[in-house]
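Just the one chain here, laid out as structure tokens, in the form predicted alone.
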């Protein structure tokens, strides 16, 4: 097993493409996206039952080396500050196959 960092991000779905571009520029080579994530945060309830992405969230998860996670954190901090959302970074073990 290999020590890595797991990066989890929740962001408004309308800003998802911008976030994914930022992740790729920071060196992220792969990610998984869950659309229509429901929850409640500082901007209230995100119900996910709208026809457009305006009131919907997306959840992005990736695993990367620590240096890439640092670049991700630096890159998305201004984005999250401006657009809202959240990011969690934690230690994980990658099971190589």
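Numbering follows the first chain given and starts at 1. Bear in mind the structure is a predicted one, so any value in this text is a computation, not a measurement.
Another form exists, predicted in complex with another copy of the chain; not displayed. Remarks below refer to it.
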#### Entry: Contact of residue 25 with another copy of the chain in the model of the complex (heavy atom, 4.5 Å)
no
### Query
Would residue 76 count as touching another copy of the chain in the model of the complex under a 4.5 Å heavy atom rule?
yes
### Message
I'd like to check something about residue 65: if you look in the model of the complex, is any of its heavy atoms closer than or equal to 4.5 Å to a heavy atom of another copy of the chain?
### Response
no
#### Entry: Contacts with another copy of the chain in the model of the complex, stretch 69-90 (heavy atom within 4.5 Å)
70, 73, 76, 77, 80, 81, 85, 86, 87, 88, 89, 90
